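Single chain ahead, written as structure tokens, the form predicted alone.
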Amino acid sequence: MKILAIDTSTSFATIAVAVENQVVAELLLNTNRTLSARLIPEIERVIATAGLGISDIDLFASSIGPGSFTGIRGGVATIQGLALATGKPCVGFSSLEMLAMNFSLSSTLICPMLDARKSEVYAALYNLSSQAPIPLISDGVFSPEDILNEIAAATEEPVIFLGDGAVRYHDIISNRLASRARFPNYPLNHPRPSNAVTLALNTYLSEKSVMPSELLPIYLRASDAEINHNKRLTSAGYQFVNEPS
């Protein structure tokens, strides 16, 4: 099976191609506001480096969140378009699970943490001691203090914190968990492209592939645009029965 998998949930986009359980080309790049212009050309370049064409790909995969609203939408839409054009299946995977897999088969618990701004983080807690990551705390949006409280209640074991959220809130984490908090060297704070194809294959083998129209982003909170729009409607006299989640 030939797999194309991408992650666009952070400012570092990843692209990887695997052929028969072997990664044959991968790319990590800092897009930082240039994603829309660079994603398709970089995908084409990585696929060509692998000696393939778009039509050769059997499975298309993208992270579906959490992370940057714009980045996730762009990545999902791109994979939807490629899968639709080629008539191939696609799968989605968690960007936090992908980041956690930088420590695949680790005996230490892993907390991937992405900066969600507004003094919040996207975070989860995983046990990666076996082939399949096991979530102990599911993906969510938290204040740094809240996720640390949940971790402290869930385990007394050491925890590895990684990601740009862990970098930003390093001091808060250290003060709360002291010697139980472990931090990796800086290269491991970025997602690795090869992790994406591993997750894509695992998802496919679990019979969770979907049609392109069914590949949808997962947002853990409303975007700034939605919040501002609803504020304007509220100020104009409208009321909401259910707030966006």
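Start at 1 with the first residue shown and count on from there. Here the structure is a predicted model, which is why all the values come from computation and not from measurement.
Although not depicted, the form predicted together with a further copy of the same chain is the subject of the following passage.
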message = Is a further copy of the same chain in the model of the complex close enough to Phe12, Phe103 and Asn185 that every residue in that trio has a heavy atom within 4.5 angstroms of it?
response = yes
request  = Please determine, with the chain shown alone, which of 54 to 62, 25 to 33, 172 to 180, 205 to 213 has non-hydrogen atoms within 4.5 Å of a further copy of the same chain in the model of the complex.
outcome  = 25 to 33
request  = Flag Ser194 as yes or no: does it have a non-hydrogen atom within 4.5 angstroms of any non-hydrogen atom of a further copy of the same chain in the model of the complex?
outcome  = yes
ask   = Given that the partner is absent here, does Thr70 sit within 4.5 Å of a further copy of the same chain in the model of the complex, heavy atoms only?
value = no
Ile160: touches a further copy of the same chain in the model of the complex, heavy atom cutoff 4.5 angstroms = yes
query = Taking a further copy of the same chain in the model of the complex, which residues along 45 to 74 bring a heavy atom to within 4.5 Å of it?
reply = Arg45, Thr49
